[in-house]
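Given as structure tokens, the chain that follows is alone and in the form predicted on its own.
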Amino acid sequence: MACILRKFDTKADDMRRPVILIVDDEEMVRKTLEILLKDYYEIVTAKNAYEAIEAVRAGSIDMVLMDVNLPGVDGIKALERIKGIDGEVGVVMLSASDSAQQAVKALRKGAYDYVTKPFDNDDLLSTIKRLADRLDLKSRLEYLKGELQEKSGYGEIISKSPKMKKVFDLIQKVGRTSSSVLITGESGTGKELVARAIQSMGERKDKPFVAVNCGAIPSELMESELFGHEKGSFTGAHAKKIGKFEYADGGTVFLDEVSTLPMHLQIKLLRVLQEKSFERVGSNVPIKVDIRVIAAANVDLEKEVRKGGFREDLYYRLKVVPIELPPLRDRVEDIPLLVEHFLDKHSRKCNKAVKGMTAEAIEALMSYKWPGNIRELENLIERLIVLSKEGGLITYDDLPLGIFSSDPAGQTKEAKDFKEACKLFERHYIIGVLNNTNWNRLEAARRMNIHRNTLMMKMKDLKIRGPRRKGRVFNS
């Protein structure tokens, strides 16, 4: 993946503080900034562009805080030279001039941000902290990119999450058996991938794997689809048909959305599980099959049993080994790995070279709730690749508005306690006001009757980061 730092990727480096280079021709400014930052960062100073360039060339500089108006070579030209030496160094420019043209020029040359003097200490610390967090995320992405080569080994299931580690352990154990498996989880969590991984672990790996989406087949056709039919058994049955169970003999039948099966077919499925036999529609001749059944549901089958919508005996027959898949919002540490995988997959599919995705964009994806889970993430990555420039880099500004503003009103139902429910409600309220003001923080704060600094603090605490407008200079 492009645009990924390499400075913090070892355990030893994790213990060291980031190094920040302060560049200003005024000694008092250098000392003031050093006092402000020394508790958080290792400090290196330079009084002109030449010393700054040499310090960066010597290595170990992570961030640069540099005045625009330097003697000799000015800060903008020094910025270009520094980026030419090490494009991954983060640079924040300082200037006594509140010139939008100068700020835009600095940002286009690769500066992370542009701060005017006199600056507010807290605002400056916040800007540098955001930059440091961004660089740290880049380094972790580099580490995860290497780990991608050591991914689970279960087909396209990619995860380093402890919750998914438990799933992998179950896949390995149950894969060696022929026991029925019930996979539960929200839509888009990868239930079919888990079913295929189970098949690949055992003796049936070279046998048919037949996937049936029970919810996508009309109920009047379902019996024929699963069990086949004889010629003339009903209107339109012009020839004998082999059903999914017969076709899968020796292998695996995966029944997705099994909760949608009509009651009379639930009885027939129970017989298949118990006796390994069935009859085609229009026939009384039993057909013996050696199959494994893996079922999946995105609803609570136990509740369906209590409501009378699903047979209890079938439920327990299917649930010999239960596997529950966590939603993507509960395994956000997997998002960088999944993004890397989907970028590679869909770049090849679309025959379009894409450099990668910036760490800032990935950070935004990690803050989103993903109601559609992995499927939604994959579809988004494919869309971004289709819309991106050939050989380009997907950035924060390329992300759709929904990534920043989507926050379902019913989200508080998912809160684990009252405190979390209040935070979710607060987040939803703030995003709503920001949307209504076109993400104008000052106007939003006025409407909420709070100070702008309070709003910024709340946004940081609740991880609300809105879309940036093209031509916008500051990150505030």
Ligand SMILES: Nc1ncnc2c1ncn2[C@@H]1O[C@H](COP(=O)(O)OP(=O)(O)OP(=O)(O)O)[C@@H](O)[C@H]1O
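Predicted model only: the values in this text are computed from it and were never measured. Counting begins at 1, following the sequence as shown.
Quick note: we don't show the form predicted together with the ligand, though the next part is all about it.
Q: Verify the contact flag for residue 342: yes if a non-hydrogen atom of it lies within 4.5 Å of a non-hydrogen atom of the ligand in the predicted bound form, no if not.
A: Residue-level check for residue 342: yes, a contact with the ligand.
Q: Please run the contact check for residue 384 against the ligand in the predicted bound form: heavy atoms, 4.5 angstroms, yes or no?
A: Flag for residue 384 set to no.
Q: Can any non-hydrogen atom of residue 188 be found within 4.5 angstroms of the ligand in the predicted bound form?
A: Looking in the predicted bound form, residue contacts with the ligand include residue 188, since a heavy atom lies within 4.5 Å.
Q: Answer for residue 126 alone: is it within 4.5 Å of the ligand in the predicted bound form, judged on heavy atom distances?
A: No - in the predicted bound form, heavy atoms of residue 126 and the ligand never come within 4.5 Å of each other.
Q: Within 4.5 angstroms, counting heavy atoms, which one of the listed stretches 95-103, 276-284, 371-379, 173-181 is next to the ligand in the predicted bound form?
A: In short, 371-379.
Q: Using heavy atoms and a 4.5 Å cut-off, decide whether 249, 259 and 292 all contact the ligand in the predicted bound form.
A: No residue of the spot touches the ligand in the predicted bound form.
Q: Of 347, 116, 298, 266, which residue is found within 4.5 angstroms of the ligand in the predicted bound form when only non-hydrogen atoms are counted?
A: Contact check passes for 298.
Q: With the ligand left out of view, which of 338, 362, 214, 131 would have a heavy atom within 4.5 Å of it in the predicted bound form?
A: Of 338, 362, 214, 131, the residue with a heavy atom within 4.5 Å of the ligand in the predicted bound form is 338.
Q: Just to make sure I understand: among 320-336, which residues lie within 4.5 Å of the ligand in the predicted bound form, judging by heavy atoms?
A: The stretch touches the partner through 331 alone.
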